[in-house]
Every structure is written in C-alpha cells, then in structure tokens.
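The chain below stands alone, shown as structure tokens; this is the form predicted on its own.
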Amino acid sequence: MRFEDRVVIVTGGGSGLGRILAHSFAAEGAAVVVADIARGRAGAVAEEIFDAGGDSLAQTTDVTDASDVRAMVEATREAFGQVDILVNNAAKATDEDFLSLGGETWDEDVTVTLKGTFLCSQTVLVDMVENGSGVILNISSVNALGYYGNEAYSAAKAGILNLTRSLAVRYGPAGIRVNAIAPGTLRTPAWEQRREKNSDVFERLRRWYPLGRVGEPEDVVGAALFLASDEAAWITGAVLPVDGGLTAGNMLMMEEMIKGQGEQS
C-alpha cells in the first residue's frame, strides 16, 4: 500500500471530494485525520474509515482559526505522529452576482478557501521542515484558470496556485513537495442548491466538457494519490487540471465559428 505508516490530514474531509479522498488515503494504508468544521460530518467519515479497518481521527476544525488549526495538528501528533501529507481541500463558494456581492461574503469565501490553506500549510510545515520531508496537496479549481463564475471563490483558488508554486520553491530544498489539482465540475453536495433550482444543471453543463460529462469525486482520486505518493517524487510546484478537457478548448465555440463561416459563404 502506497501510504502505509503515513499520516494524512484532509481538510473539508466530512463530505464531497474530501470524504472520498479521506477514504482513498485510508484504503492505501494511511492514518487519516478527517478535519471538518461540522463535527457530525467529520465523525461520520472517521467512523466509516474505522469500520472499514482503517485508522482515523475526527477533528472539528475551523481552518480560518489559527488556534483551531494548531489544535488539529497537535491532536494528529498525539494520535498518530507527525503529519506526512496535508490535503488542503476546505473551501467556500457563494453563488451571488458580483454587483450584489457584499464585502463580508467576499471575505468569508476568500478566508475559508485561501487563508485556510495558508494557516494549515504554515502549521504543518514546521514539522515537515524539521523532518526533511512532507507533501502538501492543494485542491484548487478550474475557476483559478479561467472565468467560470463565483468571483470571490475563484480569486481565492487562483491565489492557491501562486501559494503552491511559492511553497514548492521555498521549501523544496527542505525535501517538501507542494502541488495542486484543479478539478472541473464535480457531482458533490456543494451543487445541491443549484440542482434544487435547476434539476438538469449537470445535463446542461456536460455539453461544455470534451469527455461529455461532469466529474465525480472519484475522478480526482487517482491524481491526488499519485501526486501525494513517492511515485511523484520529482514533481513539485505543478498544477494538474482534472477537468474532463474543459480548459483545453471550447468545441461549442468552434462549432459556432464554423457555422458562422458557412452562413457567410
């Protein structure tokens, strides 16, 4: 198993992609700390992992609170030892028009998504530098690579990409690797509010994806496990889109261009 005797923290691990990642690392032998702001969600996932024969610990953590983050890392040390891998997955996105977006809402999205990544990374890096090894995997988004709405969330996710490269360069000499994944649309509970308003939202979105569908959380697992593993020992500072081809180009736009040319002729 790729992560036997490794200790992994997954923030936002109580649901969606975080839950799937927590289970996947545990299945590969890691002791997994499931950190989530919702106590019930964190506890449920940790219990699922335990019931499946894995080692897990639930932590109720607000990633925007430095004392909460320190407590999470200290609890990890006490339960399993020092952190080998940190997966910064916790994020918040508010679906609101930019002109009506309030400053408090902007701050909340940016604080959870970007400041949370900063605080968690800073806290685990102390031990990682001392150990001379460690992996930080940041979950960014295609929203960091182009315009797909959610301006505050997108700005924060773009900031994560710069932070990824900065930490990779600064702490590479200490034996620490830092990479990011930029997923496209994933079928997770985060989309439930939009699905309640538009039940066919995934059907409409799939037309924009060259592979013809939106993603499932499981589609991100392979990339995450690879980048966190020793198989990626010479990869750092990288951003890997896992997006069904969304950022590769726009087939619908090309078809409109061809159609327009035909009409002109």
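Predicted model, so just to flag it, every value in this text is computed and none were measured. All residue numbers are counted from 1 along the displayed sequence.
The same protein also exists as the form predicted together with a small molecule; that form is not shown, yet it is the one meant from here on.
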{"query": "Residue contact check: residue 17 to the small molecule in the predicted complex, 4.5 Å heavy atom", "finding": "yes"}
{"query": "4.5 Å heavy atom contact, residue 28 and the small molecule in the predicted complex", "finding": "no"}
{"query": "4.5 Å heavy atom contact, residue 38 and the small molecule in the predicted complex", "finding": "yes"}
{"query": "Distance check, residue 191 to the small molecule in the predicted complex, heavy atom within 4.5 Å", "finding": "yes"}
{"query": "Position in contact with the small molecule when the complex is considered in the predicted complex, options 135, 156, 83, 139, heavy atoms within 4.5 Å", "finding": "139"}
{"query": "Stretch in contact, per heavy atom within 4.5 angstroms of the small molecule in the predicted complex, of 73-81, 86-94, 123-131, 166-174", "finding": "86-94"}
